[in-house]
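Before any questions on how it binds or moves, here is one chain, the form predicted on its own, in structure tokens.
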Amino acid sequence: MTATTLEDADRRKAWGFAAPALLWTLAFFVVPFLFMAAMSLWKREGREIVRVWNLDNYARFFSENALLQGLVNSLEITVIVTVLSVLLAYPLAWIIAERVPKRFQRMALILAILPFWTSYVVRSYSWLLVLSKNGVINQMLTGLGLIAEPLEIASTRTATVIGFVHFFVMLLTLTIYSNLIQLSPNYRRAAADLGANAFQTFWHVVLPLTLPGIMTGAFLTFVLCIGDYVTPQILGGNNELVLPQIIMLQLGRRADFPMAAALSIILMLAVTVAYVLCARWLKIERA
């Protein structure tokens, strides 16, 4: 059997292994996405969806301030949550990887992922109870005499950010921890031999080498946060709508499927831009 024949056989075998995943992706992502993209170019007249190709839905998005503001709110909340989650998760991951004895690290990781064991909806409602006027935080601050009147925390952007950060800090901790434990101690020893102090070693050696883990976790946080409907709906209320809430309003109240499809495409474009930025950054750091 010639080398070409073996190569063709390996190629057919590889396609055979990849075929189920490709078919699944085609059936449950590509086809629905194409249908949604096509529907975004239709329009709703009365109770009918008219299949006339146009860009009216996209023009309406940029002309109506409420719709555009929904995207702005989503991006602002997502960026705040991502930055805060990274800043909180990195020290936690470093402590688990560097300061917790190895025999206790597994237990520390289990404690870190405990929030994942609870329903997402239950966690959001729990935070609503904690942040409400009669919640734990307001009762504690009032009892200590730090405030005279309960703070308005629930049904605000602050409550939404708190709920998101509580969840995503743990996700980022896992991704950053997985990078930290793979670092060889020889990197730090080499930096010390060259005269670097602890901060210089971290800034010039440890941080760049763990950047892929940070960016992976940050991108996952961005994707999950910007597309989330539950947490903003429960904790943020309807005072400051984000784009997923507006999409649900288009579907539930107006039955305007073409407009909802257009808004979903815009949301996917925002995620795509974030992916391109993250991929470019990682490529530069790895070069």
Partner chain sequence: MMQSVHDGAHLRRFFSSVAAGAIVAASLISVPAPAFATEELNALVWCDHTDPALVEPFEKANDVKVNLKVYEGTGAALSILDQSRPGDWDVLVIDGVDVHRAIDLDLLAEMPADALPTADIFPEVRMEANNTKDGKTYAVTEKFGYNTVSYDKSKVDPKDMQDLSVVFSDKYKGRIALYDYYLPMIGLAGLGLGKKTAELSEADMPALKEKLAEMRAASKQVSDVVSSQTALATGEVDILVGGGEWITAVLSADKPNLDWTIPEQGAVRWAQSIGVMKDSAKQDLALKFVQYIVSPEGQARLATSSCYWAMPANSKAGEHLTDPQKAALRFNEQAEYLKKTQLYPIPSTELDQQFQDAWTEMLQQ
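Predicted model only: the values in this text are computed from it and were never measured. Positions refer to the first chain, counted from 1.
The form predicted in complex with the partner chain is left out here; the points below concern that form.
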query = Even though the partner chain is not shown here, does residue 211 get within 4.5 Å of it in the model of the complex, heavy atoms only?
reply = no
query = Does the partner chain come within 4.5 Å of any heavy atom of residue 98 in the model of the complex?
reply = no
key: is_contact(residue 120, the partner chain) in the model of the complex, heavy atom dist at most 4.5 Å   = no
query = Contact between residue 204 and the partner chain in the model of the complex at 4.5 Å, heavy atoms?
reply = no
query = So which of 142, 178, 158, 73 gets a non-hydrogen atom within 4.5 Å of the partner chain in the model of the complex?
reply = 73
ask   = Out of the stretches listed (120-128, 212-220, 187-195, 102-110), which one is close to the partner chain in the model of the complex, meaning heavy atoms within 4.5 Å?
value = 120-128
ask   = Is it true that 34, 56 and 268 each have at least one non-hydrogen atom within 4.5 Å of the partner chain in the model of the complex?
value = no
request  = Enumerate the residues of 20-52 that have a non-hydrogen atom within 4.5 Å of the partner chain in the model of the complex, in sequence order, or give none.
outcome  = 35, 39, 44, 46, 47, 48, 49, 51
